[in-house]
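Encoded as structure tokens, the following chain is the form predicted on its own, with no partner shown.
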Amino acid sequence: MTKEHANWSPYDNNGGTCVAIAGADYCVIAADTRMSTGYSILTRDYSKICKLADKSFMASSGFQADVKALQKVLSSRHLIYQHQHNKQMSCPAMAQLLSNTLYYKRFFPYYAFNVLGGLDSEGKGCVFTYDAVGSYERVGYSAQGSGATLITPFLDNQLKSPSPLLLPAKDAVTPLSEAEAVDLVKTCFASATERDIYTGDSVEIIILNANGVRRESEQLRKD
């Protein structure tokens, strides 16, 4: 008689979708609030967006226990940086820290798919997109999570980001106004919710600009 081993995994995928768009003087970071496992909804009101610094926000999908552990590490590393330098990290510096933190765990990775959004030292919007082991890129917009395959083609069609291979390098920021970018994000999530069972309930939107941070919320399908 052959022994059957339990098919146990240290990871789970709690679903959800994150989107970020960088503008000339703003950044929009959004994520839905549904957290699931398999065909069960664990909660309909879970925030996937974490404030790392005054001008840096991270939205994460994947395994939310790993996401929480990652947020804790980044928070403590940022606190050490503040004590040593008497200032907060810029968004590009935070992007490098996140990359290093993910790469350090590459042999047993954080099962987290992150989008980092904020404002750089010039006040321009910046978005950084990641894989699970720390490879990252500065882009004009990005989507991660279970609805990313639905949202990314739509954003490509609407925003037409220039190729990073073009020389001289073109600016990646999107041509939309802040209000248009927020409306576009709401449209993205309304569309993705129709086809992705792991995205829904409501979308939380963070808008960063020179005046500070603004939060918005929009209801999505509950089924």
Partner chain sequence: MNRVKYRISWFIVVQEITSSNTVVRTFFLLNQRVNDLVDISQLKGFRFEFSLSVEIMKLDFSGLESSAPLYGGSNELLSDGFSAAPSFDLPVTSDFDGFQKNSIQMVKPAKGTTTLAFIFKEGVMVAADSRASMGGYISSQSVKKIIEINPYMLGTMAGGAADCQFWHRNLGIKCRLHELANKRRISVTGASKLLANILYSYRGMGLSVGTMIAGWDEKGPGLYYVDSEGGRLKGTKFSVGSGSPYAYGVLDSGYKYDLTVDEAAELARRAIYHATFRDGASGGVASVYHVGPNGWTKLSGDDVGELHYSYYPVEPAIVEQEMTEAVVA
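The model shown is predicted, which means the values in this text are computed figures rather than measured ones. Positions refer to the first chain, counted from 1.
What comes next is about the form predicted together with its partner chain, which does not appear here.
Every residue of the trio Y136, S163 and L167 has some heavy atom no more than 4.5 Å from its partner chain in the predicted bound form. Using a 4.5 Å cutoff between non-hydrogen atoms, F107 counts as a contact of its partner chain in the predicted bound form. Among heavy atoms of N100, some come within 4.5 Å of its partner chain in the predicted bound form. In the predicted bound form, its partner chain sits within 4.5 Å of a heavy atom of T149.
Though the partner is left out of this view, Q96 does reach within 4.5 Å of its partner chain in the predicted bound form, counting heavy atoms only. Contacts to its partner chain in the predicted bound form (heavy atom within 4.5 Å) from stretch 11-29: none.
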